[in-house]
Ligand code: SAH
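The chain below stands alone and is given as structure tokens, in the form predicted alone.
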Amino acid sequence: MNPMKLHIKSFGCQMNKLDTALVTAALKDARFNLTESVKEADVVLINTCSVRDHAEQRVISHLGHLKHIKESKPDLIVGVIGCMAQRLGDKLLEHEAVNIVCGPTQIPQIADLITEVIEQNKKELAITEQIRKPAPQPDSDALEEFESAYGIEAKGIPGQAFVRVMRGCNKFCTYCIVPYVRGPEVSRPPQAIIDQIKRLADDGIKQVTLLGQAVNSYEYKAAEKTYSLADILAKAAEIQDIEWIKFVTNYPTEKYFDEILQVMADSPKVCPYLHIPAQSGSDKILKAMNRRYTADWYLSLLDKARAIVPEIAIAGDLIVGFPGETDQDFQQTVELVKKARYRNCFVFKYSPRPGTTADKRLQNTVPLQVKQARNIELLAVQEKISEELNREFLGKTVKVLIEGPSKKPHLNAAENQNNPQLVARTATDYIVVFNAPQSLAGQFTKVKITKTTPLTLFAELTASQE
């Protein structure tokens, strides 16, 4: 069979991006050639997200477009993989455009599923029937083998890679679909993670980001020892060519919290950055969300983090318009943001997800226009804080890891306009842009901050780097 052309599109979180990278690498190994053009493709895969309705609607829209393409190209194979595939299963397979529906646990099967569609000319469904039960051992072994074999650098970002340390989630926040599409928490063996990071380092990777739905819940028992994320961070920091280690996303809990922060404080390789969503500043809403803590306790956790790691930067997530959220509840969230002083904060309007406890038991009582107004107000509060924190960098020299050319170049007063504008990040995940040779992508360098905005630090290369 001649090599087939593959187009793959990914929606959603970094976990999805990692799955996309794994699937892409596996299909390249199976002699598929990537194409950026849907019209040139023989196979189109859509890696989906179910966390918000908007993400699913984008997939449905995309499938409508592919249906039109298939009218003139009937042999085009369309596969839907990921969380939406697991959630909707055979309902999604009924769509005229869809040939394959494959859940997150079944992605090691994707090449075989494509072959079966070609050879048998029938639709293929591969999902987990009882998602909250531990996966059968053959499926777990296949996932681990797949993960280890195809862990590669982040697409389009040289020098960086994502490494999954655990799958699934057991938190059951009432608004969240993840436990029902990704299954229960399963932590990967420590040695498998470390071996994967060593291989990445041998391939030139300088920064790894450890991924988990609640990454600080990582726990692996072997003989008489129980490994936590702190152990993984410490072991990863011993790998010579790895210079920076990050990890996302954290659930607010005291379990292993001190140990993780202490490794961060002790090792210059573990970046002083903590993404730890609060979701609300109202104790009433937090209880309705099943978040298992109060706003004051959450803020005390941030105080502890800053006491152990004074230079730490903290990011958060918040949901506005959750069922029953009053103006008073929202103002308590505003106060939490002011006290938390996040480096940045992602704000989302509540979106009911079918199958979640909130959707089953709570009425979506907050009108859309109120959600939108609260979203705008909260972002404005955060923007003011971000502006103040960014301004503290003015005139300072910082170390950054360069990602590559800026997708949306800013107007910059830099004198050297012969070079493109590059985007980079600090160890604390601040975004920095400056003009420099594109050949520096994937490298560390030092820059001096010359201008700041709420979202971006503008810089120039220091004399020693030019």
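For every residue, the number given is its place in the sequence shown, counted from 1. Treat the numbers as computed from the prediction; the structure is a model and nothing was measured.
A second form of this protein, the form predicted in complex with ligand SAH, is not displayed here; the remarks below concern that form.
Residue in contact with ligand SAH in the predicted complex (any heavy atom within 4.5 Å), chosen from 63, 43, 51, 432: 51. Listed residues 351, 160, 187, 390 were compared with ligand SAH in the predicted complex; 351 is the one with a heavy atom within 4.5 Å.
Looking at 307 to 315, 276 to 284, 90 to 98, 198 to 206, the stretch with residues near ligand SAH in the predicted complex, meaning non-hydrogen atoms within 4.5 angstroms, turns out to be 276 to 284.
At least one heavy atom of residue 249 is located within 4.5 Å of ligand SAH in the predicted complex. Although the partner is absent from this view, residue 342 stays clear of ligand SAH in the predicted complex, with no non-hydrogen atom inside 4.5 angstroms. In the predicted complex, residue 298 stays away from ligand SAH, with no heavy atom inside 4.5 Å. When contacts are judged by a 4.5 Å heavy atom cut-off, residue 291 counts as touching ligand SAH in the predicted complex.
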